[in-house]
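Have a look below at one chain only, the form predicted alone, in structure tokens format.
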Amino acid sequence: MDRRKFCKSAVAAGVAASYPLLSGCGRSETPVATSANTSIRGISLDGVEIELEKAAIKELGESMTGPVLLSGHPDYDSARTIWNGMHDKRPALIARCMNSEDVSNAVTFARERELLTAVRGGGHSWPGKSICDDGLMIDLSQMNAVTVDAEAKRAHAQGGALLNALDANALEHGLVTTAGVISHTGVGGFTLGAGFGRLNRKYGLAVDNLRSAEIVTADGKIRRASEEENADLFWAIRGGGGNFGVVTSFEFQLHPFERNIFSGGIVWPVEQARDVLEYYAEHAASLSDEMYMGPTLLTTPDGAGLIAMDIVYNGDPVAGEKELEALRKIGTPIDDGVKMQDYMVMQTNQDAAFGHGVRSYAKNAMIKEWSQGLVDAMLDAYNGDPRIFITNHVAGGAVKRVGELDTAFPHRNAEIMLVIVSGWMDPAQDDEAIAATREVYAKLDPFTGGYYSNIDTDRAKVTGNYGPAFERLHAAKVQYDPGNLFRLNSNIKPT
């Protein structure tokens, strides 16, 4: 970017009301920024209505390789639609970026006018932080390439890539890295939050496999972050979320992997849940690094209560069979689908349940130690509501062996993360379903120690959740985003 100064105007809502166009029409009908014929209304970082002048909008559009969409453009509605159907917001501008220079131009435009800014990678933000009303949406969805250097065992993923592409491209070369459990999740948000997946007990979290990143910080500069360059920034983005800039490219360590893997699920009637959970509570901490095993309590749409165990064994299947033998003897399973099968069967088996457009809310909690009290609380919290289930992300193993302050992710001592998820389609159920989910969570809260910021961002304070990492994270925030441009996240405030 040539660092041209955009025309700048920020006016309070009362002053803005004096502009007939702003107060009367609200938004321009011009479909793209380069043909803007009028000013449009925006919203500042502080929630004050501001004017985005025609000349500035045009200049932004002309500086971009990709289009800047306005309301009325045929792609505007699809571009603003994210995974969670609860979040229906209308940005003033959608900057559809094609490269890092586009991102830099969009960031500079937003910073200079203190414009509310959201960053959309894969669009899978559970709390809807990748979209905003009347601000700027920086859209990375077109920057979605994944390339693999098989010899170096490295994958390079652009900021808008999806986990399915990361898995698929690596597996073609007999390689893999830790990726999440819903394949249409974006690589960016998943990684910046820490990155739990079915292989993290063996290979660590996504942040433990991150070797470098390209990031556009709030000053518009394109930086490379690694252990050798901007090491403080590299440390901060490995668990500190999107607080520090827009990551346009990730470099991951890959590991040799046989994609035909011992995996699947075992399901029991909910009446046998206590036996299953008590077994798990006793043995979870002693599972091998190769064994990923985690319980889910759920109710089917027809009212059948179940407890299911998700299994992935990343090793010799004979050893996996032996390690699973005791669990298989508990109770009388309704189904046992653990067998040799393609890893992508497991990586995509929840995609439909978490399909685009579902209205969903989630709370989560880190569990440092299984106890009889926690088992009792889970069984008490389970209420038979088919919209709500209690599931998990398993930790331990390699995750636990990384030092507490080696990355910004502070929950290395957790054995598991419990996630209370609700899903429904009728907007009229929003308040009821959210309240019911919170009620389930409240019964588990006494046994928790922190939360995963990617999923749960409706907490008032993040300071305690980052523990001893917070002071260093705060220093990085002050350095790289002193104006808190990147605030739509689990926000670390610079003041």
Ligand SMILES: Cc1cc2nc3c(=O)[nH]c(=O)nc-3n(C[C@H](O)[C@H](O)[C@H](O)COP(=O)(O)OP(=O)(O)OC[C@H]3O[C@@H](n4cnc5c(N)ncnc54)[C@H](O)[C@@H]3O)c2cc1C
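For every residue, the number given is its place in the sequence shown, counted from 1. Quantities reported herein were computed from a predicted structural model and do not represent experimental measurements.
In what follows, reference is made to the form predicted together with this ligand, a form of this protein that is not presented.
This ligand isn't shown here, but in the predicted bound form, which of 70-78, 401-409, 125-133, 260-268 has heavy atoms within 4.5 Å of it?
Every other range fails; the passing one is 125-133.
Just give me the single entry in Ala395, Ile311, Val246, Leu297 that has a non-hydrogen atom within 4.5 angstroms of this ligand in the predicted bound form.
Only one option qualifies, and that one is Val246.
Quick check on this chain: which one of Phe252, Phe109, Phe190, Phe234 has a heavy atom within 4.5 Å of this ligand in the predicted bound form?
Of Phe252, Phe109, Phe190, Phe234, the residue with a heavy atom within 4.5 Å of this ligand in the predicted bound form is Phe190.
Flag Val119 as yes or no: does it have a non-hydrogen atom within 4.5 angstroms of any non-hydrogen atom of this ligand in the predicted bound form?
Val119: contacts this ligand in the predicted bound form.
Although the partner isn't part of this model, could you tell me whether Tyr452 comes within 4.5 Å of this ligand in the predicted bound form, counting any heavy atom of the residue?
Tyr452 belongs to the contact set for this ligand.
Going by a heavy atom distance of 4.5 Å, is Gly242 a contact of this ligand in the predicted bound form?
Output for Gly242 is yes: heavy atoms within 4.5 Å of this ligand.
Consider Leu140 of the chain shown here, and say whether it contacts this ligand in the predicted bound form, taking contact as heavy atoms within 4.5 Å.
Yes, Leu140 lies within 4.5 Å of this ligand in the predicted bound form.
Looking at this ligand in the predicted bound form, which residues in 171-200 have at least one heavy atom within 4.5 Å of it?
Those in contact are Gly180, Val181, Ile182, Thr185, Gly186, Gly188, Gly189, Phe190, Leu192, Gly195, Phe196.
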